[in-house]
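As a starting point, one isolated chain is supplied in structure tokens, in the form predicted alone.
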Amino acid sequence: MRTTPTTVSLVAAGALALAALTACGGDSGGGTASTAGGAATGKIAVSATDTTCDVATTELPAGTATFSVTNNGTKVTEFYVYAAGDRVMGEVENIVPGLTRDLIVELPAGVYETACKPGMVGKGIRGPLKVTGEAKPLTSDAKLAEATESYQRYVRSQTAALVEKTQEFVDAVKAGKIEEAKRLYPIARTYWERIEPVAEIFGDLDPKIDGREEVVEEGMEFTGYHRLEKDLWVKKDVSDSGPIADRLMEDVKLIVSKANEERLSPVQLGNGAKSLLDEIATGKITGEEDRYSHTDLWDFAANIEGAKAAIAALRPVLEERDPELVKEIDENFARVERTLEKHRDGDGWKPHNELSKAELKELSDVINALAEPVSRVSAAVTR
């Protein structure tokens, strides 16, 4: 869950890592730089500042659209397309000042909202977006339809384990078994982190489950995994944590029921894989995500596995449309896995605060190298 960053330096660290990546080439699914304005390529230009969010059009034909978002402000920003109830149809994050990043999104006819979030906080600067007419969904292609079904089977396997392991974690918290709860915390979160592209679709449920302490600044109560993490590692007392644990379990069950019915579009699969890599580059690498337990590398590994599952679902289509891209992605996944394996500790991973700056930089470099070809997946599946 991306909420208000802990400090400006953490934002800058993640954003600069992405800026280095985006300087390398074109982006197509929430990834790297593109031509500012986008008029020549048929993209929808979005000019974001610290106080405005100017979208070139407020009405689109149904189908696949590309928003080309340029940050003309002074703060790192994000861009979202929301359906009713703040259901996320597409998002692109960590757009540093002066940078342009693209978002490909598939939209059926309906009423939506666009939003820029300067400083990556709050509800954003919103505007209306109307989509009219009809278009064949990408899943009218049999191979793309099978890709979404394949990924849904993966989601169902992960949500079943998520419910089971979160219940074990909650039970340990409520029983006051602090060491057992600490052991179970990163295990339960592994299944959450693998399916975040689905989990983040559903409005406020994601921050209720996975929001960090900064959600208070956005008018929300601090609950979920990270509230219990703080109780376990900082407060070292869970005697009054039972209600928070029960609420976490209720919210997890609710989001699992929604996720098991959701069918991501092929574009969302590509964007989701990229967003998982962005999560690592902006939260896990800095230690921001699990700041109390330092179990960030568990999340790092789970994000990699989730991204790999999304790409695996799309693999038959990608092999047909861009075999060289598949080869490049495979090579980079292997490099990331080899690098991460250096920090294995038994059945888990070393604490983030035990890694040196050089080791963290090595991880950052290989994940950014992987993110570049993954950023081209959404464009490949819409050809």
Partner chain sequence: MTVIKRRRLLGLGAAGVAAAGAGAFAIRSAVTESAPAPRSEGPADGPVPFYGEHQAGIVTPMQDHLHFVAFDVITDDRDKLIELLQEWTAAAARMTQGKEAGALGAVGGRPEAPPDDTGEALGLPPSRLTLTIGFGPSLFDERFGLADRKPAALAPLPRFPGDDLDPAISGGDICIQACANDPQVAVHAVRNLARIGFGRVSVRWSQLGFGRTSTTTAAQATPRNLFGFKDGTNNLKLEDERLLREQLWVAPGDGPGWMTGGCYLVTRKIRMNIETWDRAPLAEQEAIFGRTKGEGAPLGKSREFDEIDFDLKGPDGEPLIPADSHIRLAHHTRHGGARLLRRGYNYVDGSDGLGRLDAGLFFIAFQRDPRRQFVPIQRALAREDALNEYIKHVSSGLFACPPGVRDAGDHWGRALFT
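Residue numbers count along the first chain shown, from 1. Small disclaimer: the values here were computed from a predicted structure and weren't measured.
Below: the form predicted in complex with the partner chain, not depicted.
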For a quick test of understanding: in the predicted bound form, does each of 143, 158 and 200 have a heavy atom within 4.5 Å of the partner chain?
no
Might residue 359 be said to contact the partner chain in the predicted bound form, defining contact as any heavy atom within 4.5 Å?
no
Just checking whether residue 335 would be counted as a contact of the partner chain in the predicted bound form - the rule being heavy atoms within 4.5 angstroms.
yes
4.5 Å heavy atom contact, residue 331 and the partner chain in the predicted bound form
yes
Relative to the partner chain in the predicted bound form, which residues of 332-369 have a heavy atom no more than 4.5 Å away?
335, 361, 365, 368, 369
